[in-house]
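What follows are structure tokens for two forms of the same protein chain, given separately as structure 1 and structure 2.
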Structure 1
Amino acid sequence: MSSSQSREPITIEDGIKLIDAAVTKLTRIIEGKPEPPFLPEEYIGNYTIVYNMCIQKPPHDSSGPLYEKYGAILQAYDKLTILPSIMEKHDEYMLRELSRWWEINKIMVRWLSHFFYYLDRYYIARNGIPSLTVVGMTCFRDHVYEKVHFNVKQVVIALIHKEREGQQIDRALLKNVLDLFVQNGMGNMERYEKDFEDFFLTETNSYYSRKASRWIQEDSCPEYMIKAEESLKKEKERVSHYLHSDTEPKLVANVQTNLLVSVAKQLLEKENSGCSALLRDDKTDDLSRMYRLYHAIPEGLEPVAVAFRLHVTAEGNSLIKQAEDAATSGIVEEQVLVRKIIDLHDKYMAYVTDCFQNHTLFHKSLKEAFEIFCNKKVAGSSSAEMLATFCDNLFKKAANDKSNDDSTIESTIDNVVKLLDYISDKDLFAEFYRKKLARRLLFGKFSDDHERSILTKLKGQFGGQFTSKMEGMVTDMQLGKDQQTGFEEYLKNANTGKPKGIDFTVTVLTTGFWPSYKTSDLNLPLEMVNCIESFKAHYEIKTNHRRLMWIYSLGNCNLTARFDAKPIELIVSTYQAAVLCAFNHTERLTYQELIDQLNLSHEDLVRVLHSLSCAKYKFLKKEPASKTISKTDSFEFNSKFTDKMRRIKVPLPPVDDRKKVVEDVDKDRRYAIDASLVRIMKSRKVLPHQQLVSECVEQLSRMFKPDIKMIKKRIEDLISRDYLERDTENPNTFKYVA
């Protein structure tokens, strides 16, 4: 307004007077007192005073003192006006005062900065001292904030507590106050954290710890979890309403620790409502909630997974025990048991996929649980055997009863394959399965589709080596049909004609695939011998270099027995047929004569004679008529026999020897262990014993769980056979002997 040169320099004293006057007006305005607002001239005038005083030539250049003055004004205002007002009040009122004065202060600083702006432009910049705004904030912080923050914090926390207990509070106020804490940090969060957050978290800690102790006593697991979920939700809302976002993770962790982690064991193990009970009673919602809550906590799911595993194991074990108790005379109802295990698996797998979101931890727990009880023996039968018998019955029924639709069979097969995964003695299963498969293929009806289906699935899961023999067996049967047609063609064309009116079917089995059977040198009746010879001739033409080994114990025969009353068709095994045919030429035969004539072993003959003379149907008369066969007995054809049926099937009880199967598998295992050990040592050359054992176990784990003692024994055997030797310096290490 006026040029600087012609004016009189303003002295400090005068300047200060002018400034004070402006400040007084300003304070009245911002405090809401009746005061006319600054006119533009006044506003500019204030600025100009400062400006002039700054550019005045020394000794009147007053930048320094003005800067001091600025600080002094604010300081005085803080100390004399703001602080006392705040200190007068309590509780929420104090907060309101603080909030109000904070806003006022901000305006004050702003206006004042405008007046003193020229300082900002030159004096401050040139001297590297704090800007006007910074000075303003620092003043407030040092003279107001520092004095009141402790009490303010107490009030805030008390209010939060009130809200937690369900009362309404002024959220906006809290937001402002906490904002104030943040801003007084002047660039970092230290003030907020040290003066508020730390205390807040400590308080939260004790609050929720108290709640947890109470709730855990009073509430059931689902109720507790609902409360926990609610609490977490509320705390998160609290953050969005007035806490700084930085607090959220710390707060959540705090609450979770108190409500979920420290009581995890008690909560999950609550009787009648804990994890176990929820699983048992299908409480999928509660379980999902449990998963949600614990999933958010690092490693929080572990106790839940453990509880899950324990529960499933207990369920499985009780099924096993039930079956054990129900087993009458050592025979297990494996149909029932296997079905129940399958159902159990389906039920708990559903939990894993739905409630537990397919989490690997739970898959693992399920697997571990099943592995524990699926490998238990029930009344002497191993699970491997039971599963094989289960399959056997499944397929036998399916072949006989076409009404069973394929999809249920398929899904059962899937379940069987899944269960097999849990059984460690897979090779034992394979052996039992093979034996029963042989019976099914040779003696009963079988469905090619089903048999192939399960083999494909087993192959997919366990590898081709597991199923190669069984597949061979099934293929043999198919080839057998073609072969039979070929044979019949041959008979038609060859001049031998059908041998003596006997219909004759031969099934050729490939030796390696089928279980080993004892052969016997049975002397066949003449009629049968012709059949054998004609097939031999045909086969020799067809193939080279193949040797046929006849297994009469697996054959069966339809005989027509002409009894006095009426002829009856008998369906018997070849052995039985041979014995009966012996009576075609003689009325009576002694045991000894039969042995001589037929060349059967004593064991076999006793079994056959028993089935024909001491069992349900007495086709032969035995002298003496005791219940057992002795070597001094003699037999006669019982022409007086009759029955209302026209066709009778006479079963010869199979000599299915569980012990033998186990022995065979043990033998195979020994070879497998040897092979594995040699293979490992060949590639590693030198290996300490522990590593050798663990590698061996791993290699074989797909098929079975090797016994450590057996491995040790095999190693010693290999040492004595010079495949391995001990290292002379270190007897705990082995070396491969090339």
Structure 2
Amino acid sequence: MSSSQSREPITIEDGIKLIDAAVTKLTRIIEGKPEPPFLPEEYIGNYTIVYNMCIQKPPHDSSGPLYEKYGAILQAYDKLTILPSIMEKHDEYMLRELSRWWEINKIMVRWLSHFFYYLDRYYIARNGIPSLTVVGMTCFRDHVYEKVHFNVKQVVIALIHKEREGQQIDRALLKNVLDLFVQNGMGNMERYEKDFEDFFLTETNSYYSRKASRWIQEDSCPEYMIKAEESLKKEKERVSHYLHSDTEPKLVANVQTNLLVSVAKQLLEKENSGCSALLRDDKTDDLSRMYRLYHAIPEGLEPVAVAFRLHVTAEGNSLIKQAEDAATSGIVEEQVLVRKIIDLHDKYMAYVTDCFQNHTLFHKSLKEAFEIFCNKKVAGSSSAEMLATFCDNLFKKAANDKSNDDSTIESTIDNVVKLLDYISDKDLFAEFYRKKLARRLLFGKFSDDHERSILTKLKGQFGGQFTSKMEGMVTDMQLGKDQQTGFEEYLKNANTGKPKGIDFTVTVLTTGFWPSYKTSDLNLPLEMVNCIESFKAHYEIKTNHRRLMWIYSLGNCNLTARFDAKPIELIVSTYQAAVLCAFNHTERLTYQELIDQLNLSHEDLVRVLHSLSCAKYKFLKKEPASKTISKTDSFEFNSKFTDKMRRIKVPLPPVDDRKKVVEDVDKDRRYAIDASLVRIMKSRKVLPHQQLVSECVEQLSRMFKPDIKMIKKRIEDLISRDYLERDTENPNTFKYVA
């Protein structure tokens, strides 16, 4: 083209000749053929020709024909040069050719756009028609891309398959080709998705479906998971190297569905290598991998959590069965069982924390599993009773053996509180624990620090109401020490003086805190009566508003028994002491004489006489000499008794107070249900039966699992006592009676 401007109008024919000559040179340059580059004046001349043709006055303005000429140039080039060159190639060579011509096409469009730039500035802007770049892209899409994309897609998918099978491919080439799919979408992802991605995902689905079918048959669970994790990793790498980033979530979901979701049940239940086996064999790495794989899937962890719960439940049930099989004569080894359950909890809590990253689903599964077997009875003993007995033995042993490590005991206390959270009858535990706590406190077998520690933890977990009575009991013991000091000071200063030869200790208990005990009007020996009167006199000085009720069944005495061979100190209960002291003034007494003299009940006297005449130590001789006590028996002090020990503790036959504890708890539950029902109705005024029952269960389930039949009975009782009434129109609806 000439750079000089003619004063005469340039005709369209003349202008196109000049443009065609420039295009011919341009194509030779960009195709790498021998051709000198454009000189600056040539470049400016080409632009000037188009400029001059566009600014001519009508009818010589050639903007429209030039715009059409621009499109025609590119269309011809695409159809006659680019497309045939691509179509004659196959497989990977076709991709290379397509990639090469795509780059050439972009250069061609860029150069031509510079020549025709004046159209973009004014003609295109004024008429609202596609820009030169858009026309160039559209031409390539319509005349090249549309003709080759199907074959190209097939080749790309085949290459990706080769890479999945371990072969090397040209990833840069694939990236260029797939970028072409995206760019031919002209600003949206429709072309990429419809022409490539949909087919690619379908092929991926088939590929990994086949792999899953083969691997699940051939491999163990850990081996399978390693392959699945590696496959996911490689697919993500493909996205980073050549696939579009929008493909990643779809691709990952596709692989997860085929390799993990579809085979989850088979994989987790694989014999000798499934979830249960991994838990059994402590395969923490494999369990962590399982969590990683399934955590990334929506709701993917649910089958893993179910498998975890079933395994823990089976392990716990196995411990319960072992304990049942080992139970002899109805005696359960609580220490062994509870310790094993604590160890089991520690083991699986470690899995939840480490392998399962503290996920709430696994905490829930662990809780559900422990709730199942922790609420089973063993040889008639409830879990609440066994846990209370475990604590009792733990604290008694700690009190006797001062060398025990406090941190170990504190850790055990923490575990006990955790286990109690799984037990539904927490109120039953509290009552058994309170009974045993009372005995520890009264017989001095306790450590104040440990007792207060567990009460603090129980209070934090279950509220102040749960421990208020127990805390009161511990406080009573502290007050009792101060009271005893005051009593001893009183005896020193009192005119009557201390009862001769007797050390007397009294513990005053607050009735509301301590368990209820059976009282009796025991006729005590005179020496004991004097002691009691001394304490009464002291106590009345301190307070006039409290009445003392003496519980002799909890007392104990140290007596010196003077046998022919030697004197022996006997540690006995108050009841035993009263019976033995009765023989101070006579050698022989009948059963009837003893019961009249002491005013004891038949059951208590039988237990005491059995411990003194039929057990290991026979301080009394019984006639007739049998192993049972009857009302016709007579007893005589055994002065010939001797033993190598100088101090003997004489136990009473144990009393099974389990039935009474359960009865007390049932009675307390009736009161709790009544209170809950009234509380609910007072706030709601009117409620249907089903909703009232469900709200009551929800309120009380923190302490115990209320029986629905019991709730119904309590509702009827409240109706009879005019707290509630039935709706006259709907008998299943209740109203609160103010």
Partner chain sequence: MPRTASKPTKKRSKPYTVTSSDTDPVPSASSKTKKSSKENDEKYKLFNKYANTSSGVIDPEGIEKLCSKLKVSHTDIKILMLAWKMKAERQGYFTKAEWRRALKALKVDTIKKLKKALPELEKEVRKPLHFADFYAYAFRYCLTDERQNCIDIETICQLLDLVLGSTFRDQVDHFVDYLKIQNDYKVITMDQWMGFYRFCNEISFPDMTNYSLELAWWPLILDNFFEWMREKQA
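All values derive from a computational prediction rather than experimental measurement. Definition used throughout: the rigid core is the maximal C-alpha set that superposes within 1.5 Å between two forms. The first residue in the sequence of structure 1 is number 1, and each one after it adds one.
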Open item on the list: Structure 1 or structure 2: which matches the form predicted in complex with its partner chain?
Closed with: 1
- [ ] State, for the two-rigid-part motion between structure 1 and structure 2, whether residue 614 travels in the same part as residue 421.
- [x] yes
Task: Estimated from C-alpha overlays, the smaller rigid part's rotation between structure 1 and structure 2 in whole degrees - done: 5
Open item on the list: Superpose the two forms on the rigid core and tell me the Cα shift of residue 26 between structure 1 and structure 2 in angstrom.
Closed with: 3.0
Task: Angstrom shift of the Cα atom of residue 40 between structure 1 and structure 2 (superposition on rigid core) - done: 4.0
